[in-house]
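Have a look below at one chain only, the form predicted on its own, in structure tokens format.
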Amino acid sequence: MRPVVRFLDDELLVRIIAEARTILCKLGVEIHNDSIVAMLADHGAKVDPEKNRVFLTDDIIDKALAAAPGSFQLYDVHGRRTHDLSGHNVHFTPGSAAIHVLDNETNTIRTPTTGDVVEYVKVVSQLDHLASQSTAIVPGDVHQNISDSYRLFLSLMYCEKPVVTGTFTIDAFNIMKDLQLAVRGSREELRVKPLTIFSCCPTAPLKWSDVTSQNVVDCAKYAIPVEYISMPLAGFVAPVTLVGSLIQHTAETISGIVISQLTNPGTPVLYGGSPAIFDVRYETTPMGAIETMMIDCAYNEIGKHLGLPTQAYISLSDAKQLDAQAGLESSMGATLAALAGINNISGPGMLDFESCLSLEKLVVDNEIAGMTLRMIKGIEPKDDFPALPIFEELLKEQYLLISKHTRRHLRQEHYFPGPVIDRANRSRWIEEGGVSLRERAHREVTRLLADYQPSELSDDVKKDLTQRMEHEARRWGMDQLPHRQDAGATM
């Protein structure tokens, strides 16, 4: 039996959705994109042009929800399936868009460079329990207008896994779409075998900017999957109660689904988000707060009730270092998310309210992901009945270390973590140097970087990607991309 966790009963869940629909129809949603407003008006929405407010109808909402697919798959650069985003299937991916990295040598944060991004991509390419990569770090050594596309470029060059990404500008979408077409070869292949998921974020409360709403439309035109990242902050720009924040999250997310499905019915979507409570004591938005995790798991239930695959930014920490708080918050989030059946769990590697990435934390979180993936397999009998023969052998031999039953089931039944997790007894731990978690994690990062094997993406595709990226860089006054200068950045 697969273990599960739920936070909403059916009656409450249905009522939350009903209230969100009422808000969209009676209070509307603010949209700062004239072409999208016109499209919604053509489908029967009422528009207040002075306030950029669009009032949806039940028919529009029903039509959009009916068109949104209940599942989709993701594929790596070679077209091999990596994700089945359906049911209660669970996949992990690192968090996104950190503006800092935690430098292990100095134990301080700093602005990332291209070298940091390349090292991150090399490491994540070898972490078995992270099914996808993300554009996790914003490099500070390129023009800000290419930082989005450059991150995707490096991801595709150095790692074969699909990418969770996004853009903060309208203009960047074109080059990011072209990079994917260079890998897939055609628009149809990209539609059939999606390579990326784009994060698109409404603004709380109940607002879509010109940029983010256009991103939804552009992705829909190419059938590029979108995860909606509604971010109500409970007690600040959302009701302080968890139910109130869930109503707002539901309304904002449904409004995004309407935009994509009226643009191109059937566009793959993830019912996602990055909500948080607002800690009035520090004026912060703690991603590691238990209430934040509860909202994540609850809106996942709402998404599944609507028949949609889900996503959440969870399994991350507000800690500033790789310490006990980082482990506590990340493991609790991963456990709850997996039990809730969130299809795409985003967060591993992240610290400091998702603003900082640590490679050492990333390899620790990979082990957390491995443990939770084992957990949700549940407990099932494996040649355990009848039990009498096994116990007869145990009583006779006094141990079962080399029994056929043990050898047959050991690897499947027991999860064996890597060297980051210490399971030695104290005397052996002392004999081997008494190494701390942070030191073990750094050793693992160093090993992974040394063992990295270049992506097997064809040289022709890599050349095409490079030419497209260099052309884009020249548009913004950059004659050379930093990755060319990175001696360690073997492609």
Partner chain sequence: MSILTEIVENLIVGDDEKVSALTQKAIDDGVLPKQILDDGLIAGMNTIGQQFKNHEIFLPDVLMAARAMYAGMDKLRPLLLKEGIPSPGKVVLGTVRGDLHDIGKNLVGIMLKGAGFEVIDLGNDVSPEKFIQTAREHDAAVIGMSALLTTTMSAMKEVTYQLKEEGLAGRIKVIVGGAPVSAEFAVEIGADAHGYDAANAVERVKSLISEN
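Positions refer to the first chain, counted from 1. Everything quoted here is computed from the prediction, not taken from an experiment.
What comes next is about the form predicted in complex with the partner chain, which does not appear here.
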property: Output flag, Ser71, Val123 and Arg187 jointly within 4.5 Å of the partner chain in the predicted complex, heavy atom basis; result: no
property: is_contact(Val280, the partner chain) in the predicted complex, heavy atom dist at most 4.5 Å; result: yes
property: Partner contact for Gln144 in the predicted complex: the partner chain, 4.5 angstroms, heavy atom; result: yes
property: The partner chain contact in the predicted complex: Val226, any heavy atom under 4.5 Å; result: no
property: Partner contact for Ile99 in the predicted complex: the partner chain, 4.5 angstroms, heavy atom; result: yes
property: Contact segment among 375-383, 281-289, 253-261, 85-93, judged by heavy atoms lying within 4.5 Å of the partner chain in the predicted complex; result: 281-289
property: Option touching the partner chain, based on a heavy atom within 4.5 Å in the predicted complex, out of Leu233, Ala182, Met294, Val217; result: Leu233
property: Proximity to the partner chain in the predicted complex, single hit among Ser209, Gln412, Asn174, Gln325 (heavy atom within 4.5 Å); result: Ser209
property: Interface residues of 168-182 toward the partner chain, as seen in the predicted complex [heavy atoms, 4.5 Å]; result: Phe168
